[in-house]
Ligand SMILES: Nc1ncnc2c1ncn2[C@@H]1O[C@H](COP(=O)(O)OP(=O)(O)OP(=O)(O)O)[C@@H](O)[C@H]1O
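The data below hold one chain only, encoded as C-alpha cells and taken in the form predicted on its own.
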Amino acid sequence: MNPVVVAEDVAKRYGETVALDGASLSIDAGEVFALIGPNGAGKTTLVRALTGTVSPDSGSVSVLGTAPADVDASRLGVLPQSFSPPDRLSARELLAYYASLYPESRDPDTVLAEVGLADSAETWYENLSGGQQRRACVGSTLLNDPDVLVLDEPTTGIDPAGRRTIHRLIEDLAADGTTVLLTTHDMAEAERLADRVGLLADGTVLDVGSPAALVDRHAGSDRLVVDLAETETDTESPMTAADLVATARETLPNRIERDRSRLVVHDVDPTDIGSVADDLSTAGIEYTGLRWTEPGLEAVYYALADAETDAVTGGPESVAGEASVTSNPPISDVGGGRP
C-alpha cells in the first residue's frame, strides 16, 4: 500500500531553537495515526510542515503524492491547535460559511449532528462552551469530506461525553477510508483510536508501531504492586528496605523493585496473583494491598522520552515510565539490574 502522508528526514529551526531534527513518518490510506510527545517535541511544527503552513529547512514532505501546498483543498481537512472563527456567527452559520468555500460540500446540519451540536445550532460561537467550540471547529474540517484529515489535539477542553462523540466520529471516518493524523496528549485516546502511533521527542520520531507493539517493545511487563505494611518501630530487628528486596528476590523468580512503601513484582500473570501473595506472606513480608497493572502507552511515552534524555545527557535510564501506570511516585531500582 502506498502511503498518502510522508515526511522524510524533516528539519526545521526557529533561530537557535531546533523544532524538528530529522523527523520521518509515513501514513497509509485509511489509517489513523497518532503523534504523541511532550510539549515542545515538535508535533505542531511537523503538522504544519505536512499541511503546507511551514516550509522545512531540509527534508521532504508529501500529502496525497504531492507537496502539501499543491493538494486540492477539497481533499484535505486541517484543524490547527489554535483556531478562532468569527464569534458572532451561530454554530449553523459558521459551518454554512465554511461549506460555502467548496464547490461541493456536506450538509452543515448533518455535520452539526455528527459532532453533537444539533441542539446548539442557533447559539453564537462566542456563547458556546469551550468544548462545544472545539467540536464546532472539528465539524468545520469535515464539510469538504476530506480524504486526509489532520487534527492537532482535537479533543482539548472537551468533556468526556464530547470526547466520546469525537472518538466515534473519527472511528467512523477511518472505517469509510479517511486517513487521519492526530496529535494528542491523551494516551487513552491514542490507544483507542490509533492503528499506529509515533512518539516524537526533541524533534525526532523515536519509534512507530501499533499501541500494542510499542507497549511490548518499550513498556515492560505486567506487574503486581504490593503495598507494604508499616514496619513496627519497636521491633527488635525490623526488616530494612534492603532486607525486603533481598527476601522478595530470594522468594520469587521475578524481577523486584521497591519504592518507599511499595514492592513491584514484574511478569505476574493475573492467575498467579494468589500464589505470589502467599509466597510473600510465607517469607514474612507483610502487605496491606495488592494491585495488578499492565503497562500502556503512558509507560511507552516515559520510557522512550527518558531514553532520549539519557542519550543527550549521558545519564542513566530512568524506570519512572515503568511505574507510571500505577499513578504512584516513580520506582527506583534497589539492587539488581534490569533485564
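One-based numbering along the sequence shown. If you're wondering where the values come from, they're calculated on a predicted model, not measured in any experiment.
Form predicted together with this ligand: not shown, discussed below.
Although the partner is absent here, residue 44 is a contact residue: one of its heavy atoms lies within 4.5 angstroms of this ligand in the predicted complex. Proximity of residue 196 to this ligand in the predicted complex falls outside the 4.5 Å heavy atom cutoff.
Interface membership of residue 271, defined by any non-hydrogen atom within 4.5 Å of this ligand in the predicted complex, is ruled out. Proximity of residue 189 to this ligand in the predicted complex falls outside the 4.5 Å heavy atom cutoff. Think of it this way: in the predicted complex, this ligand has a heavy atom of just one of 289, 65, 40, 284 within 4.5 Å, and the residue is 40. Residues with any non-hydrogen atom within 4.5 angstroms of this ligand in the predicted complex fall in just one of 31-39, 272-280, 291-299, 65-73: 31-39. In the predicted complex, 14, 17, 19 are the residues of 8-34 with at least one heavy atom within 4.5 Å of this ligand, listed from first to last.
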